[in-house]
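Just the one chain here, the form predicted on its own, laid out as structure tokens.
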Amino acid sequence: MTHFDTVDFYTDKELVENPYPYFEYLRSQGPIARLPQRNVLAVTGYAEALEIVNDPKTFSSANSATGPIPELPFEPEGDDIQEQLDAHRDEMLATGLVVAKDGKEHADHRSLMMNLFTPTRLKANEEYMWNLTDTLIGNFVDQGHCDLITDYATPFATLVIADLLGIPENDRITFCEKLGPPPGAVGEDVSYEDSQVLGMSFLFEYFGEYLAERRENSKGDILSQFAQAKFPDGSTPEVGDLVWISAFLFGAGQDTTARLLGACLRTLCEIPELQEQVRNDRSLIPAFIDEVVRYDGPVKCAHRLAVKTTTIGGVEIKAGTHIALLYGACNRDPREFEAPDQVILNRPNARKHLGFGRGVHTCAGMPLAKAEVTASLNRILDRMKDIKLSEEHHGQPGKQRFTYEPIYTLRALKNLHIEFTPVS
């Protein structure tokens, strides 16, 4: 591709499989570069992105889920558009998501979400996931091959978050079958009426019915506890608030974790010596996960909306400008990470990556995601050796191709076909 100067990041599917050359082109324009469409400034600089995410009063998260699509429902005026944003916020897509809220409202809704991440609940969930790894791997391990995404990663991540939320076991298979892609489909417009908000509108109906029922008649389960939750000031949230949180946790919890696991296995297959190193020393797994998140993590791009005119990195940012935080680029900023295009175990500053966000919007599910991938990698390495990519599906080394979901927000492998020798 040679038309990086005119390509539309939000619609051009040629950028989906490998966006990194495009990111480097943008970096050559400076750490903050203006895109030719949609009033967007793209951030490839690590320090500049960090400054933006740590300043929520200047940069709102109202557009975090979808960025500049659809357009703002108002025409920004002046150097401070906070009042305009407040007046039109309900007209914007997916602003019910906790990641799209600001200030006290965000803090209140995040506190409800954290009620599900108690140490006791996470411990019980961890026991469930370790048992689940063996069950799922046992379904295909004797075959010596699988599609890691569809046969393992997606059902595993889906069932783990379903267990954390306390979804009855009889309903969990339905969730595995019905989940759709998250927002941000490349080349497609998104409308609120389609809601497929997060590509899984059925979740809103499901959680709405369950939470409303349990608010009236507690059944002593996890969803009942969540239905009875209070804001920090003691007030009672609307059931709709709880529905948005539940649906968001379920969608984000299953999809990004599955994609991270896919990225980890692709990396281990492409670097066989690294696979053996991690196999022989499992204490390296946490550092390996952080390095994969930095190198090829599942969150490709997040967004902010400038509500006040300001200057970052010597670039004036007018109020009303969309900010595309290209985490996939920021995590390869050579000013911050030495040899950024290489996978380096125990990189001294690997945990400084932005793959789980930063500031008040740091991913609440980060410990859970890391625990899921740690358990999975351990069991996969226990029960499979000589893991390699299927040449039939992905081609010969050096000429391999991979299919990614056409989403501008996520780096999401659609399939990862692997072959291996089963271990008894």
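Computed from a prediction, not measured in an experiment: that's the story for all the values here. Don't overthink the numbering: it's just position in the shown sequence, from 1.
Keep in mind that the form predicted together with ligand HEM is not shown, yet the notes after this line are about it.
Problem set entry | Contact label in the model of the complex: Thr321 to ligand HEM, heavy atom within 4.5 Å | Close contact is absent here: in the model of the complex, Thr321 is far from ligand HEM, nothing within 4.5 Å, heavy atoms only.
Problem set entry | 4.5 Å heavy atom contact, Gly355 to ligand HEM in the model of the complex | Contact check for Gly355: yes, within 4.5 Å of ligand HEM in the model of the complex.
Exercise. Taking heavy atoms only, is Gln37 within 4.5 angstroms of ligand HEM in the model of the complex?
Worked result: No, Gln37 sits far enough from ligand HEM in the model of the complex that none of its heavy atoms falls within 4.5 Å.
Problem set entry | Contact of Ala153 with ligand HEM in the model of the complex (heavy atom, 4.5 Å) | Looking in the model of the complex, residue contacts with ligand HEM do not include Ala153, since no heavy atom lies within 4.5 Å.
Problem set entry | Contact check for Val99, Met113 and Leu368 against ligand HEM in the model of the complex, heavy atom at 4.5 Å | Yes: each residue has a heavy atom within 4.5 Å of the partner.
For this session: Scan Ala247, Ala227, Ile161, Leu93 and let me know which has any heavy atom within 4.5 Å of ligand HEM in the model of the complex.
Result: Checking each option against ligand HEM in the model of the complex, the one that comes within 4.5 Å is Ile161.
Exercise. Here the chain is shown alone; which of Leu389, Leu381, Ile69, Ala364 has a heavy atom within 4.5 Å of ligand HEM in the model of the complex?
Worked result: The residue in contact is Ala364.
Exercise. Pick from 73-81, 212-220, 247-255, 341-349: which stretch has non-hydrogen atoms within 4.5 Å of ligand HEM in the model of the complex?
Worked result: Going through the listed ranges, the match is 247-255.
For this session: Residue by residue through 307-337, tell me which have a non-hydrogen atom within 4.5 angstroms of ligand HEM in the model of the complex.
Result: Just Tyr327.
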